[in-house]
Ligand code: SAH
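The chain below stands alone and is given as structure tokens, in the form predicted alone.
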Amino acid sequence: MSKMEYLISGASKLGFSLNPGQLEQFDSYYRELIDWNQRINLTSITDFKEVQLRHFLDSLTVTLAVKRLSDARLIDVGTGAGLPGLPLKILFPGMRLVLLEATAKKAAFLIHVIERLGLDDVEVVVGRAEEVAHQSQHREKFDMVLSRAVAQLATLVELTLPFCRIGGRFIAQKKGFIDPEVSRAAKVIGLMGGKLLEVKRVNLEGLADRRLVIIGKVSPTPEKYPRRPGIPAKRPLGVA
């Protein structure tokens, strides 16, 4: 098994010790990611060290916002190659996870890797957030909603907060100076029933530019949101 020294060190700084079984799962995950990436575009980051830091450890930084995830119900919106959802599931095997991905080829990878890693209580849903968020089995059903997608925060909030139960949280993983983006999203956060709780810096080597935008769900999202596919990205609410 490859030695995941960067992941081990970073996880330790977050307060977690990875056991041999978890390290084996991360190693298998890396190998499957690289193998499948030759056939479908999953990631531009393939270097072993960089995957440990910028994919696996970056996913685990969500724990800076919520420490206890062992019995939580999570949805990872626009999960792509399973990030941040699958690394968190490896760390907290008891949590229930839904991976939402619109691209069928990426969903096929997710189904394969879940089986390969022997993970339970993980469901892959193929679809767009704009449509899945209106389904009763998913609407306002999750303790935590995650997204590492590159969309603007105003768009992300409309796509994600409808999944979040009242009292739950949405955590957006962002990079760099995001104050203007957060300000532009203020109106839509309120409109979707959310409240900005904190923007947290990640002070870990190799991830110093990362930010966690933490939004609490305080009231129900109006039924008409999210709007139909494509509109939240083309016409973000509250952004002139």
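Treat the numbers as computed from the prediction; the structure is a model and nothing was measured. The numbering used is simple: start at 1 and walk along the sequence shown.
Separately, the form predicted in complex with S-adenosyl-L-homocysteine exists; it is not shown, and the next lines address it.
When contacts are judged by a 4.5 Å heavy atom cut-off, Ala129 counts as touching S-adenosyl-L-homocysteine in the predicted complex. Proximity of Ile111 to S-adenosyl-L-homocysteine in the predicted complex falls outside the 4.5 Å heavy atom cutoff.
None of the heavy atoms of Gly168 is located within 4.5 Å of S-adenosyl-L-homocysteine in the predicted complex. Put simply, Thr103 is close to S-adenosyl-L-homocysteine in the predicted complex: some heavy atom of it is within 4.5 Å.
Contact annotation: of the candidates Val145, Leu159, Leu97, Leu153, the single residue with a non-hydrogen atom within 4.5 angstroms of S-adenosyl-L-homocysteine in the predicted complex is Leu159.
Checking Leu91, Val122, Leu83, Ala133 against S-adenosyl-L-homocysteine in the predicted complex, a heavy atom within 4.5 Å turns up for just one residue: Leu83. Annotation for 203-233: no interface residues with S-adenosyl-L-homocysteine in the predicted complex [heavy atom within 4.5 Å].
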